[in-house]
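Here we start with a single chain on its own, the form predicted alone, put down as structure tokens.
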Amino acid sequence: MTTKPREPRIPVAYMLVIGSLIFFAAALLSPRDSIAVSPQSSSQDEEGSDVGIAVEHAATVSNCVSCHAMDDAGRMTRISYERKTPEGWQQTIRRMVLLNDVELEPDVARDIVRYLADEHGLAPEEARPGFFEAERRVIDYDYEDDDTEVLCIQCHSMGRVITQRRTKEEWELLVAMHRGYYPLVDTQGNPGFRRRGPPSSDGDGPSDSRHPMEKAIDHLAATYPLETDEWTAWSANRRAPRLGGRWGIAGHSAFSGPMYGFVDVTPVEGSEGEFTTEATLTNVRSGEATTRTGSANVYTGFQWRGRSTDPGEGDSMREVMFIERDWRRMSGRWFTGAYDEIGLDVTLYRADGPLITGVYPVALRTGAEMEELTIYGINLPTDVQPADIDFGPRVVVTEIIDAGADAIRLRASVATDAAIGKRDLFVGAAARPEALVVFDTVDAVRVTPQAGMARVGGVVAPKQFAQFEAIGVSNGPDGEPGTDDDLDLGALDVTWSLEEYSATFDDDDIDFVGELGADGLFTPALDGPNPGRSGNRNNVGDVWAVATYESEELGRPLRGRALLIVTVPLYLNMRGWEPGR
């Protein structure tokens, strides 16, 4: 059972403070900094200009025109000069409701989000680099422009920035909005929106007298303009995807391991881009099968946003997937948890014939005899014989234990002189590239994620859990560690423990931050000051999550570790991550 994030409530007194700060910030702006914002006109609407996307949706026009004026070409101020993801448009609408007293019925709000995401959205090539934002992935992302990155990531990820397209004036107005709502951004952080100290100089070159915000605006306007060739081409080609039918699914979660199964996708009659789903997933470690039912909307022809529930457990997961242009593959993340931290990486394949989704276990040691394997898929041959299954040279299928349309259990042996590396699998007419790994020894343990984060909770706010997984690594054919031919051997059975990450003398974080279970799941301690800790401090700190693998062939244990940061709760959550609800 998971805790749903609570919707934010903004007290009237707090809104008055915000209004006062906006007024105060406006008074401080110099003529050079000020940006005139008028709902009646825009420099983008100069006579003869064809920049801007006409708004041709009755609900959007009727609910927005009181503040966003429309010109003779059907272009509305602000709205016609930006493009975003479904999450981006929902966040805008939430802000209008929270701060500008816009009143919208849920059905109308959903209809507006759908229209704007479709007609003022992103092309696949534009959305893919920042898709991690919608998937709620915590990744180490390095943006190309350091000046812009350091300005933006003080408060949010770059994923929110790179999944927008705007005219230069709209980028300027976005910066102005930040300065109005949050006046301290001018000097807060390093460097802050306005440069502090003397102008920067690059070596012997001339100094750059622009403020950091001006550098960022110039970069963003040039890199993410409103009009692009990608959007022009996709707008002409976009259509509602035809996704009905059965799809094979290959998933993996650090919480549960590999999962295989199928999803039946059914179009909603009378609606374009809406679907219902029924999925059956098997946890290959436990053999337990679960069924999930749900619904989804597809925005802009390729952005899947859905929610599914296990009727037996009652848990609900959000689904964010990217649909490829050929409508034969979609991939992304299904997730839940108070902080979206519990997730399943998934890839779906259209199953209009025999399909192999995966093999478990994923690796066999050279010299192995009569090892049991299971091939997962859809429409697999039920009359299969050992000779019909081909793992490549020196890997022999010796026995078929059981053969079904969705799984084939078998026994296989590997010659001692079999070549080390990845093997393609063929079962009749079905194929799966690099389905199996042949290896000779476990050379290292890699703990994933390399750096994890948890949040204390349980009193005022919910806890954020952290799940670690220990992956076996073989040095591969070249025998050298850390090279391109290293082989991933899948999850190992390890012993988990915590070790202190020593940052100060007598560091005692390990005694207070929480517990790491035998399955690699870290459960943080309670939030709030702890009177049992020196200084009445909170139960936060830095530790190592350590995995120890007993290696018989090496005669000594192998260890891997990852950094775990345990921090405070996220007390205010104003995200709008779930379009369609």
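What you are looking at is a predicted structure, and each value in this text was computed from that prediction instead of being measured. Start at 1 and count along the sequence shown; that's the residue number.
There is another form of the same protein, the form predicted together with heme C (HEC); it is not shown, and what comes next is about it.
Novice: Thinking of heme C (HEC) in the predicted bound form, which stretch from 100-108, 384-392, 370-378, 237-245 has heavy atoms inside 4.5 Å of it?
Specialist: The contacting stretch is 100-108.
Novice: Go through V268, C155, V459, A405 and name the one with a heavy atom inside 4.5 Å of heme C (HEC) in the predicted bound form.
Specialist: Looking at V268, C155, V459, A405 one by one, just C155 meets the 4.5 Å heavy-atom criterion.
Novice: Since exactly one of F255, Y182, F131, Y143 fits, which has a heavy atom within 4.5 Å of heme C (HEC) in the predicted bound form?
Specialist: Selected residue: Y182.
Novice: Does C67 reach heme C (HEC) in the predicted bound form, with heavy atoms at most 4.5 Å apart?
Specialist: Flag for C67 set to yes.
Novice: Quick check on R196: any heavy atom within 4.5 Å of heme C (HEC) in the predicted bound form?
Specialist: Contact with heme C (HEC), no.
Novice: Test of understanding: in the predicted bound form, would I93 fall inside 4.5 Å of heme C (HEC) by heavy atoms?
Specialist: It does: once heme C (HEC) is placed as it appears in the predicted bound form, I93 has a heavy atom within 4.5 Å of it.
Novice: Closest heavy atom of R166 to heme C (HEC) in the predicted bound form, within 4.5 Å or not?
Specialist: So R166 counts as contacting heme C (HEC).
Novice: Could you list the residues in 437-455 that come within 4.5 Å of heme C (HEC) in the predicted bound form, counting only heavy atoms and keeping sequence order?
Specialist: Read in sequence order, no residue approaches heme C (HEC) (within 4.5 Å, in the predicted bound form).
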